[in-house]
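Taking the form predicted on its own, here's one chain by itself in C-alpha cells.
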C-alpha cells in the first residue's frame, strides 16, 4: 500500500476561521501543542453528506479543551459550520473529519497562560480503520501499557497526549502480527482497544466496561441505544481478563472503527455472531439517515 503524506495533498483546511490551501497548513516547531501535548481533537465521519452526531462531537471538543484549561475561541455553531464547510469544499460525501485545537507558540514552558488557542478542521477519505475485510474479525494482542488512574490524567478529555500509550500499544501488537491491542486499566480490568470501545456478548446480553478511566465514546453510546431498541440487555460492569473466554461474540465500536467484529484476543478466538451482525447492520443504516431522522430513530 502506498501512503500519501498528509502534508502533501490537494484540497483545503479550515484554519482559525478561514479556508487555506492544504499544503499551507503549517505551524511553528516551537508550538506548545507539539512539545507539551496541549491539544484536543475529534474524529468524526460523514455518511451521504451528513456528519454523524456532529453536535455531540463538537460539544465534546469544547469540553475537552476546558478540561485542559483552555477555551476554544469559536462557538459550537461556528465549529459545526466549519466542519460542514470543509466537507463541502472537499467534494466528498463519505469522509473522515478531524477538528483539532491546540496551544500556539507564544510561550514554551510548562506554564502556557499566554498562548493563543488555534483551531483547524481537515477532511479526507478514510474507509473503516480496519479495512474492507473487517467482517472477518480483527485480531487483538494484549497491550503492554495500561489506561491510567483518572487522578493521573484528564481521561474525560479527548486529549492528544492520552493517545501516546495507544500508539505504543498498537505498534507492539502490529509487530506481533495483530491488528490492534486490548488495553487493561491500572487495576488490571478490561478497558478498551487503542482507539475504540469494546463489547462482549455473554448469555445473550451485551457486557461492556464502565468508562471510568477512558472515554465514554459517542459510537459506544449509539450502540447501547441500538441494543436497547432491539431489547438486547446491556450491562456496564467491571470485566476481568479471565472472563473474556466466556464471551460468544466480541466487537469494537468507535468513529474510526465503526462496528467491527473481533475474532481473536491474545490466544482466545471468537466468531462474528448474530448480535454483532445485527448491531453492525443497525449502525450502518442509522449513520445514513439525516440528523433529524437519527434523533427520531433513537428516541422512538
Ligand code: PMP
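Residue numbers count along the first chain shown, from 1. Worth saying up front: this structure is predicted, and the values here are computed from it rather than measured.
Not on display, but discussed next: the form predicted in complex with the ligand.
- 215 is the sole member of 215, 165, 142, 95 with a non-hydrogen atom lying within 4.5 angstroms of the ligand in the predicted complex.
- With the partner omitted from this view, the residue of 146, 118, 158, 170 that lies near the ligand in the predicted complex is 158 [heavy atom within 4.5 Å].
- Comparing 173-181, 80-88, 118-126, 192-200 against the ligand in the predicted complex, the single stretch with non-hydrogen atoms within 4.5 angstroms of it is 192-200.
- Though the partner is left out of this view, residue 254 does reach within 4.5 Å of the ligand in the predicted complex, counting heavy atoms only.
- Within this chain, residue 60 lines the site of the ligand in the predicted complex, having a heavy atom no more than 4.5 Å away.
- For residue 220, a non-hydrogen atom is located within 4.5 Å of the ligand in the predicted complex, even though that partner is not displayed.
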